[in-house]
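Here's a solo chain for you in structure tokens, the form predicted alone.
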């Protein structure tokens, strides 16, 4: 029997679709279905286990799964003996404290003696201890946001993405406890074969991450502005420059980070760039 790296991902929930997408963009061909609990890749030594997100760290620690994709919020809450290999830059959210909109709130001292409902008692306890706030933690599972409205708690500590759920339940966000995103984790006891498979998988994931946050850019530039434009567009090493049929002009090719995209485009236009073409990158291997 061939060695397979077993990776656990959410069976359903906010990270499921993005985890499957990440695997497929990494060139891994899976047969998945709504009721499948496991799937073996056709073209890579990988088996996927579909589990509840809360169970993934335990399965990885016990060696039932060799690796997993899970939110940092779960990793830090359950505190299992696993290795955080790489943050994956999707499934971003934050764990925050929220209070009723009509409650006067100035700082953390206002939570002293209050009751806070949460599904993350370990993280919240550590946060309150660090800030020397003595509050009672009420551990609940699911529908945390309704706790103040039904009299169970004075405040909540829960995951927030857009904030619409808080707004709908008459709450306002007042304190950031933890920034979270999906992460690749692994067992601390992988054998050499599985470690090598994980290394190859990580190489593919990094290529996908790079491609998602960078764009390939082509533009026409006057030759007398090339030095300035090259400084604006450093690329991975330096831009590619090709002469155009029209005298005094060149075609410039480079890669732009999405976070600085519009700032760079504005500077290029200011320095005479024309015909700017932006193309998504499918994979980016460094």
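Numbering follows the first chain given and starts at 1. If you're wondering where the values come from, they're calculated on a predicted model, not measured in any experiment.
Although not depicted, the form predicted together with a small molecule is the subject of the following passage.
- Taking the partner from the other structure, the small molecule in the predicted bound form has no heavy atom within 4.5 Å of any heavy atom of residue 212.
- Within this chain, residue 148 is remote from the site of the small molecule in the predicted bound form, having no heavy atom within 4.5 Å.
- For residue 92, a non-hydrogen atom is located within 4.5 Å of the small molecule in the predicted bound form, even though that partner is not displayed.
- The small molecule in the predicted bound form comes within 4.5 Å of no heavy atom belonging to residue 205.
- Proximity to the small molecule in the predicted bound form, taken as a non-hydrogen atom within 4.5 angstroms, holds for one residue of 137, 108, 159, 166, which is 159.
- Only one of 128-136, 95-103, 166-174, 68-76 lies within 4.5 Å of the small molecule in the predicted bound form by heavy atoms, and it is 68-76.
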